[in-house]
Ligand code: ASP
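Consider the single chain below, provided in structure tokens and representing the form predicted alone.
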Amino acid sequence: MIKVAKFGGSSLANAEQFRKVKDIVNSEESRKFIVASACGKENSKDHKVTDLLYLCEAHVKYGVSYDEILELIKNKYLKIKEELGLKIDLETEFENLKNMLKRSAPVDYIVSRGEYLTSKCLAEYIGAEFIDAAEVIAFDYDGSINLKRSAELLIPKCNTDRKIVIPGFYGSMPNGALKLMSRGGSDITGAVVANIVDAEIYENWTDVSGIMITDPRIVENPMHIKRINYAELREMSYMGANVLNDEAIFPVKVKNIPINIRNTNKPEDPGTMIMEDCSEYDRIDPPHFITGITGNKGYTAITVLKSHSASSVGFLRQALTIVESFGISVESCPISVDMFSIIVKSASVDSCLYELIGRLKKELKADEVTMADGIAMLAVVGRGMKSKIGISGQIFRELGRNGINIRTISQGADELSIIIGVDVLDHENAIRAIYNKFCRGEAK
């Protein structure tokens, strides 16, 4: 059995966290491949190494001294080295980094040094072999990861009895230049490695015991989700849940490798299992019919009214083509007989809203085109909802009981999620109302 274990920045914030990671890695022989993020924040007054490196690069760009920032980063690693008794030559590493900053090295190189140095420290501390991500994570020129080429590079380096540590967040282009991933990209690196080595489980270690049903900033101490499938996770992530980098799903999904979200500070907690199909486990332990509740603010609804539009072939397509011509992505599109609404992110129409409305009215010969902003969109997600008769009505009734007006409603035929638009001022109250009625106390 092979496990890939990715440790986030909070799991590697200081020497104490390094010790926890070592205990976790050594507790199971199957944890063969370790992916590390850059050191995170040690406390609320601390800074993430990645943020400080971005700041260094910005200072170089604008001709401002970065010495103080670089010293902060260096001291963080020196403290870890001293407390763990490491031999890594940090003086040379930081001299090299300083020279690259003087030469205005690309931002991808500068920022990647956080993962690089953290991984080198971790590899020495746990007695593992260090493999630079630049040598094994291959990008194509379009910015996508080339899984086949990455496998060709990584597999020959795996012929060792030692554990292997690989930095997350970056790889290299065909010309050898370093390439960063999006923020949270170490999640992607872990998923790519899991795909290549055919891992049975991809563990993602962080500072929470799995995924919560909803935002703990809105609902105090929400329950954790035991199991969630990839489709549910995509719905929750898209509507605002900061769970896992979306791109980390696809490399493991194609090989049906489960992701286990675990807590470095509470390794005994089972965390959340993310898998393609939960049905086998659901038969033994039926899930709550609501898996998660998430939401986001900042949406605008553009409503088009035209008599007999429902029988006009291509009418909706024409409207969406007009929206597309402005480069705007449509989030939802509730439809009634003579009316439909186009829900978009407010920021995407800030500069063209009235021109867009004018074109819709003119080219569609609409009776009326109106706009409403200040809308929040909520997603109630759950694979168990389709077996719960009348769940939509119950949710709407509970929102009404709490004085919350529903602006838009959208639900697919698969009944995996219900998307509800409410006034932005009702956003948090709506989430609390749904959670308190249907989730608190694990009501089924």
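All residue numbers refer to positions in the sequence shown, first residue = 1. All of these numbers come straight from a predicted model, not from anything done at the bench.
A second form of this protein, the form predicted together with ligand ASP, is not displayed here; the remarks below concern that form.
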item: Ligand ASP: the contacting residue among V381, I34, C56, A38 in the model of the complex [heavy atom, 4.5 Å]; value: A38
item: H288, K255, R162, R183 - the one with a heavy atom within 4.5 Å of ligand ASP in the model of the complex; value: R183
item: Per-stretch contact check against ligand ASP in the model of the complex, the hit in 46-54, 64-72, 388-396, 403-411 (non-hydrogen atom, 4.5 angstroms); value: 46-54
item: is_contact(Y202, ligand ASP) in the model of the complex, heavy atom dist at most 4.5 Å; value: no
item: Contacts with ligand ASP in the model of the complex - residues in 97-133 whose heavy atoms fall within 4.5 Å; value: E115
